[in-house]
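The chain below stands alone and is given as structure tokens, in the form predicted alone.
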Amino acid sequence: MAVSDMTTKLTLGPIAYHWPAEERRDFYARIADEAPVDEVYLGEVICSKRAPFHEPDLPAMIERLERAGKTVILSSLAEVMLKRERKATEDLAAMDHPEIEINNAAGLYARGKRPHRIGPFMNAYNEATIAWLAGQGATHVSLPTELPAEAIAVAAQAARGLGLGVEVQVFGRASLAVSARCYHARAHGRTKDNCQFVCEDDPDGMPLRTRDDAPILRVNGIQTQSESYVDLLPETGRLVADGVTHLRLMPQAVDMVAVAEIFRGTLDRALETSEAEARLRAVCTGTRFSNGFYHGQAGYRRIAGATSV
């Protein structure tokens, strides 16, 4: 079955890192003007302390992206613990425009049964959960990155049967966990409340290495990520054939316009998989790729020989 370039949406997930405000503005201006993505997620999903640095820019970002023909979705925090986080989540849930993506049960409660999207932090692993979420007003579900192909196919079929969009991350570091503690601050001898925003020093996450000095994970504030970039470019054909409607690229400290162009070229059959993979590796020099979760193996592994349908 051929990949449909007309119905498959290419999306850009929310920035997970603490990039400087000017860098964010420049990033989204270029995404608006140059990136062949259909939908863009905005908002702080990891640490509420970062939000004041870029929230003032959101209206202008939304306007520019929408003027460029992109659909904008605002994403909620993945973890809600403090009063200010509850208030921020409540305020987001009260919005009518743009669409919102909920990543925490607090947001689900605040939204009620008004239409919303379900983000990848909500752990929609199976048909029963997806059906319940649809009954609560969900119109779209982003599946967790650790689901294998067979589970994605079952979940996608169930979601599509309920009229929901289905999204899968196909590029970027996998989010493995979020914690109440900020390891990023602790690694620099600081507390979470007095972190001095040290995470800004690591625009692609802080490398975590084993005692043998081998890279193993990345730390991003309270979030633990994979060391490797998930790369499901060769699997896009099967994903679409199995009912996935949206393919998500997560922003990393690489040329994301080039990444989007490579995935769009693959979806449009303008690039052969082998050529697209070579171009993607050139853009992401020095970073390993992985697709183990998709193939039912350890997430960090790269399974060779996987091809599009």
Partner chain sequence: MSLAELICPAGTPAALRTAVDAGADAVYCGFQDATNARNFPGLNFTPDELTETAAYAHARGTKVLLALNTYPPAGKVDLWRQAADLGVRIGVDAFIVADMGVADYIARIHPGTRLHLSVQAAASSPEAIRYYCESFGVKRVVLPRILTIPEIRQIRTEIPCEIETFIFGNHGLMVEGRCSLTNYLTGQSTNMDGVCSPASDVEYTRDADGSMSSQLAGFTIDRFGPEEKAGYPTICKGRYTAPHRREGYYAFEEPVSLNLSRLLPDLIDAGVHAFKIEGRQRSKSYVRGVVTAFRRAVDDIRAGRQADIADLVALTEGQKQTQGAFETKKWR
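Residue numbers count along the first chain shown, from 1. Computed from a prediction, not measured in an experiment: that's the story for all the values here.
In what follows, reference is made to the form predicted together with its partner chain, a form of this protein that is not presented.
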| query | finding |
| --- | --- |
| Its partner chain contact at H97 in the predicted complex, heavy atom, 4.5 Å | no |
| Partner proximity in the predicted complex: E127 to its partner chain, non-hydrogen atom cutoff 4.5 Å | yes |
| Its partner chain contact at Y109 in the predicted complex, heavy atom, 4.5 Å | yes |
| Partner proximity in the predicted complex: Y300 to its partner chain, non-hydrogen atom cutoff 4.5 Å | yes |
| Location of its partner chain contact in the predicted complex, chosen stretch of 67 to 75, 232 to 240, 82 to 90, 162 to 170 [non-hydrogen atom, 4.5 Å] | 82 to 90 |
| Heavy atom of each of L133, L147 and K192 within 4.5 Å of its partner chain in the predicted complex | yes |
| Stretch 196 to 210: residues contacting its partner chain in the predicted complex, 4.5 Å heavy atom cut-off | M206, P207, L208, R209, T210 |
